[in-house]
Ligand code: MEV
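One chain comes next, on its own, written as structure tokens: the form predicted on its own.
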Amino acid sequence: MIVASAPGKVILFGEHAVVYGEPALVGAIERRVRVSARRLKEGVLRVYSDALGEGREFSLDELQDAGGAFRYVKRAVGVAFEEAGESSGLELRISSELPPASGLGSSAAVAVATLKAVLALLGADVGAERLASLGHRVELEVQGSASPTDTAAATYGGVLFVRPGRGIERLSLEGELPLIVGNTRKERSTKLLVARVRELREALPEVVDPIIGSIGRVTREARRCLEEGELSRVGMLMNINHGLLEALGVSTEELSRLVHIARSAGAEGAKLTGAGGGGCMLALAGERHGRVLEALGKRCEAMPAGVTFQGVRIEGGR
């Protein structure tokens, strides 16, 4: 049996503006998806999810199907078989510390951890760059379109500086980044929210374009501050970024309330993370970590989620 895990992610800066060519900063968080894999004599794939409390069995012919239950797992197994040039009956067990459909990269973490576990079980040694590419392929085949950012975060860990059309750069940072995530548990559609911003920009380009440009400038300054360890300034920039996202209409009353609760409890800064319209917010807690966590925990599902500099990994095997 092989056990692999991969981290989730948060968008630290730059959401929505990245659609228009501005950079984004993405952090892998120490909230993981774990996949254990073992061979079966039977030619089937059995998948169990601890979170769902249920399992399913699939024939190996169904691995080309990019829909239905456990679709990311099925395609990841199919892609791993192609990469290894070998197939086998498998049993996979999945446990997750990431709430589903929350914008924290759970699907990418599932895909990358599954690929890592199955490839290791089959004795196929692939490097991180290839693994990230395979993970992105899985997301593309399931979703139809997908950024490589989430699967890169799950593969490499750390903080990534994303420049559309110019690649992804992993930053060299020293010290911890003490984050807290607050989850509204409100589902939202990234596609719909991106479309709303596009409509707003088309209606008022002379107003919206400077907002998008300002988010890009905030993101570039945040990169510098992170690299130089200026966390109080990073918090200030988070607050500005949230205000700009509010101006684009992607925050909600609940998200903004949680942002202000975190700030009032002593957070260095706080903002929504991801597409908005629900999902999660993010606080840079600083020295008042416990106080911020307690204050948010009274109003939502709150969890420590510091940046991890370790991406996908093998945690056990025999």
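Source: prediction; values computed, not measured. In case it trips you up, residue 1 is the first one in the sequence shown, and so on.
Heads up, the form predicted in complex with this ligand isn't pictured, but that's what we're talking about next.
- From the list 218-226, 140-148, 87-95, 116-124, the contact stretch for this ligand in the predicted bound form under a 4.5 Å heavy atom rule is 140-148.
- The shortest heavy atom separation between residue 277 and this ligand in the predicted bound form exceeds 4.5 Å.
- Taking the partner from elsewhere, residue 11 is found to have a heavy atom lying within 4.5 Å of this ligand in the predicted bound form.
- None of the heavy atoms of residue 300 is located within 4.5 Å of this ligand in the predicted bound form.
- Under a 4.5 angstroms non-hydrogen atom cutoff, this ligand in the predicted bound form has residue 18 among its neighbouring residues.
- In terms of contact with this ligand in the predicted bound form, the residue from 173, 247, 128, 194 that brings a heavy atom within 4.5 Å is 194.
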